[in-house]
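Before any questions on how it binds or moves, here is one chain, the form predicted on its own, in structure tokens.
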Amino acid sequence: MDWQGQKLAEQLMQILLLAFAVVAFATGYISGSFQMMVLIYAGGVVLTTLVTVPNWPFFNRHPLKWLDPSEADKHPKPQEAVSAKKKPAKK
């Protein structure tokens, strides 16, 4: 899953969970059944999980281009800056 796919999965998760919460609350309120509300929301959580957790192909539309190992050897790695030691203060 690429970066844009992660963003899409996050947005889908939020939208689907909110939609199922609203539908479940409205149905539970109208029917007066707490059990119906919980079952609808639980079904929404399961459906949202099935949509957002697997690595579906539409989450991989923008793959990252990695450097070949031979190319990586040509470019020097960043070095840590060496700091000079401070002299102890004389009293």
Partner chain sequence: MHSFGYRANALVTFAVTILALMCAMASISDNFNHPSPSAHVEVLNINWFQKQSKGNDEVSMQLNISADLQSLFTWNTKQVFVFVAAEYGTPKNSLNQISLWDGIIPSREHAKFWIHTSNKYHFIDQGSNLRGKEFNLTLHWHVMPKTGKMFADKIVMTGYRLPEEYR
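The model shown is predicted, which means the values in this text are computed figures rather than measured ones. Positions refer to the first chain, counted from 1.
Here the subject shifts to the form predicted together with its partner chain, a form of this protein not shown in this document.
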Is F34 near its partner chain? Define near as a heavy atom within 4.5 Å, in the predicted bound form. yes
Contact of N60 with its partner chain in the predicted bound form (heavy atom, 4.5 Å): no
Considering only heavy atoms, tell me if Q4 and its partner chain come within 4.5 Å of each other in the predicted bound form. no
Although the partner isn't part of this model, could you tell me whether W66 comes within 4.5 Å of its partner chain in the predicted bound form, counting any heavy atom of the residue? no
Listed by sequence position, which residues of 47-66 have a non-hydrogen atom within 4.5 angstroms of its partner chain in the predicted bound form? T48, T49, T52, V53, P54, N55
